[in-house]
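One chain comes next, on its own, written out as structure tokens in the form predicted alone.
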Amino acid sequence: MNKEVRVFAPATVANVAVGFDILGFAIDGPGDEVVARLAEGSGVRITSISGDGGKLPLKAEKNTAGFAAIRLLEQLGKSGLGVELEIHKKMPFGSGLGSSAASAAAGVMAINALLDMPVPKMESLHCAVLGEQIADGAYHADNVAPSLLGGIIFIRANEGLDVHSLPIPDELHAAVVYPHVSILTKDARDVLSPTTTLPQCIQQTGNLGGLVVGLYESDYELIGRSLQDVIIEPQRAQLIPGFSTVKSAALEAGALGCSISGAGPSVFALCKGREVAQTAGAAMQQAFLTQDIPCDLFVSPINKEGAKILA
């Protein structure tokens, strides 16, 4: 058993255009860090939180990382263990990059690492999802699973956590731009129609299947043809200033496809090769800057490791 560990859990892109609530992938950064150490007494205590501007609760039972840690200790029969957590938020809130999911993933990873990894990551996923549920009220794994497990994750069903890793073509990279505008997840949900047309369903299902086949076959052209969201993106695009211009800039720069990350406002592009990703990312960034919207650019291969112990 370790006396102290520091872990990192990465940001994620959920939905991946055609997989609303059922697809997500991890990127190398940004992300959250959690330090866990053995302490006297029993139970989980959060001693400090940095980078949150005082927004997050110190009470472990009401904090995503803290609650996830508590639930994993319960699962392992170690509820009587005394653990102190430090949480270091190193990614923006409300960015569409899975901030609360990263904290929850880091929370379970920290406990698992502190106890010398008694369970595989997959066996701690349920606790991490419960942790994120504290923040948004929903039990879903499209951000938490890739943040914890890494890679591109397909969620066949959240109930029972029927999740599966998809293959990652060697040259697949992501460019993600976070514009400094605010979109509440509730507002992003409220704009969605509860119904879709049969033609929309057929086209979206075809695109989802095409993306999965493209990943298995490393067929970049098929991946590009498939990254077309005909249901969610057209409804949410109105919430992101100049989204169509940003998307056009990415595609003109050579991106395979471009869409909204999670509930937004971040926008992602999948690309073949790092050079194209950097070019597409810079083009998206410039499209926001021409509207006087400051933004941050992250270029990364698909993160295959997910949450990890830091040296």
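All residue numbers are counted from 1 along the displayed sequence. Keep in mind that this is a model prediction, so the values were computed, not measured.
Omitted here: the form predicted together with another copy of the chain. The next part is about that form.
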Checklist line | Heavy atom within 4.5 Å of another copy of the chain in the predicted bound form - the one residue of Met122, Ile202, Met117, Leu184 that qualifies | finding: Ile202
Check: Here the chain is shown alone; which of Val212, Ala113, Leu76, Leu81 has a heavy atom within 4.5 Å of another copy of the chain in the predicted bound form?
Finding: Val212
Check: Would another copy of the chain be touched by all three of Ala249, Lys272 and Gln286 in the predicted bound form, meaning a heavy atom each within 4.5 Å?
Finding: no
Check: In terms of non-hydrogen atoms within 4.5 angstroms, which of the given stretches 67-75, 168-176, 129-137, 191-199 touches another copy of the chain in the predicted bound form?
Finding: 191-199
Check: Would Val18 count as a contact of another copy of the chain in the predicted bound form, using a 4.5 angstroms cut-off between non-hydrogen atoms?
Finding: yes
Notebook entry, point to check: Heavy atoms within 4.5 Å of another copy of the chain in the predicted bound form: does Ala237 have any?
Noted result: no
Notebook entry, point to check: According to a 4.5 angstroms non-hydrogen atom cut-off, is His88 in contact with another copy of the chain in the predicted bound form?
Noted result: no
Margin query: Contact with another copy of the chain in the predicted bound form for Leu297, defined as at least one heavy atom pair within 4.5 Å: yes or no?
Written below: no
Check: What residues, if any, in 60-88 have a non-hydrogen atom within 4.5 angstroms of another copy of the chain in the predicted bound form?
Finding: none
